[in-house]
Structure formats: C-alpha cells, structure tokens
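Given next, in structure tokens, is a single chain: the form predicted on its own.
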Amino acid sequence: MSLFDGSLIDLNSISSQTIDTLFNLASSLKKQSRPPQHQGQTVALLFFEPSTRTRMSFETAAARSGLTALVFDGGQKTSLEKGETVEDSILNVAAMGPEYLVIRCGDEINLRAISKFVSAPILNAGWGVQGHPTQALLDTFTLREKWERLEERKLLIVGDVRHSRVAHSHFELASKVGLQIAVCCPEEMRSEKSSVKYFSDLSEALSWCDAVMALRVQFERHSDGSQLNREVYSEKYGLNKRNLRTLKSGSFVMHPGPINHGLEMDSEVIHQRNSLVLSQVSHGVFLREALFRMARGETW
C-alpha cells in the first residue's frame, strides 16, 4: 500500500515520516541498480513551460522505474495550436490511462481543481510561482546526503524569492525536516507568502548559514525585470568569490538552475569543491524515481 495518495501538488499535506521514507528510498536507489518492472505502464509528462533538468530527470526516473514516458512538450504540433485549452489537453491525456500525470504549467492552471477530475495521481513539476515540490525535496535530499541530519541546519535562499516556485516549496518543507531557512534579496523580491528570517545584507546572511542557494532572476515573471541593474544586483547578491568570502567554512553552495551566469552566480563557483549544483541534478533522478516507486506502494 502506498504511503501517500499518489498526487504531489504541494508539500503541506505530506508528512515528515513520508519525507524521511522518500529520502531513504532515494538514497538506496542511488547506491544500487534495480531491473525495470511494470512493463507496459506509462507516465505522461505534460510540460507547458520550458524545462531541461526537471523534464529529463523525470524521463530518466521513469525509465529506471520501468515506466514508458509519454512527453507532451510545449504544445508544438499538438491540438493547442488548434485552440484546445491546456485543461482539455490534460483531461484528454488522462483519459488514455497513464499511471501518473507529471505536469509543469503556469499559474493560470489550477492543478488542485484538475486533480478532482482525473484518476491518475498528479505530480507537480513546477506550477507557476505556486510551488515546485520535487525540486525542494531533491535540494533537501542533497543536503541530507552531506549532513545525514537536517535538524538545526541553516539554509539561505538568495535572489528572486517573490517569483520562485522553488522557494515557496522550501517554505512548506523546512519545518517538516527541521531545517532553518532564511532569505536574502532586494526588498522588491521578497515574498508575501512566508515570514521566514530576512537578511538585506548578503555578508551577514552568509555568515549565518550552513548552505546557500541562489535563485534565478525570473525576468519573464515580472514586468520590471528588464529594468534590473545587473551590475548592482551581482555586486550585492551574486554568489562570486568576493561575496562568498564570508561564507562559513564547510558550507555548501547550490542553485536549482538554470543559471544566469555572472548575475546570480559566477561560472567558477559552480566548479568549487563546496558546490552541490550538479549533485542536485543527479539526485533529481533518484528522488523522482523514489517518488514513482512509493506512489505505487513499493518498499525495499
């Protein structure tokens, strides 16, 4: 029997015990290979917004789980070009009987409402600015693999918090795993959805945290984004060698991607020994594979 109802739209309804079980399964999957099972079953990947890491890691996780991935990518050469709505596209794909619906979409779509009309579990692969549960889970899993225990550890999120679905899912997850969380960003990029600790000064914030995660400036999600002074932003909030001098020894650097190089993070930082950027990508496969397996009740 599955440990949760299958859908994952946000992290508010998932228990700390389930998160721990998910992380343990992902860690086991990382250490050993397992032959595909459940041949003939499919997972529909419905991506109405662009993606590289999330989409391909879900595809890889599906293959490792013995599922065939059916990819609906951006709407090109689909009935969306004929005027079909996104909601109708989702409902029609669901009628084909996939085991899961993995959906990435904008805020104009209501995943909770759609979940009431489909029998397949919905896995949120990035929903507007609402949330990105699997990204927050894989980020946190990556830290747990380094620290073993998350309790009382401190994660700093730097950047465009207001428009970040990743940050909003981290706000839901942090208290469930015992992780302390804070943000550092310009005042206009603060989120009204959370009252977590706020730093305006990056140097002070970096001396507080055990890991720092930069966020992409999401120019496409706010009308004044093109007016951002990139030089000033990089100087005050960019993760570069100069700014990272105040980061505590033994702390880690992260980014969920994609990266605006030279703005949120300098290229050389990605390849430092304390960078977990590529580990996040690797762990995305194991975390999502664990999610598929848990959703159908596998335990091992």
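As the structure is a prediction and not an experimental result, all values here were calculated from the model. Residue numbers run from 1 along the displayed sequence.
As for the form predicted together with phosphoric acid mono(formamide)ester (CP), it is not shown, yet the points below apply to it.
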property: Contact segment among 240-248, 227-235, 46-54, 260-268, judged by heavy atoms lying within 4.5 Å of phosphoric acid mono(formamide)ester (CP) in the model of the complex; result: 46-54
property: Full three-residue contact with phosphoric acid mono(formamide)ester (CP) in the model of the complex, heavy atom 4.5 Å, for G131, R162 and S164; result: no
property: In the model of the complex, Q135 touching phosphoric acid mono(formamide)ester (CP) (heavy atom, 4.5 Å); result: yes
property: Any non-hydrogen atom of R104 within 4.5 angstroms of phosphoric acid mono(formamide)ester (CP) in the model of the complex; result: yes
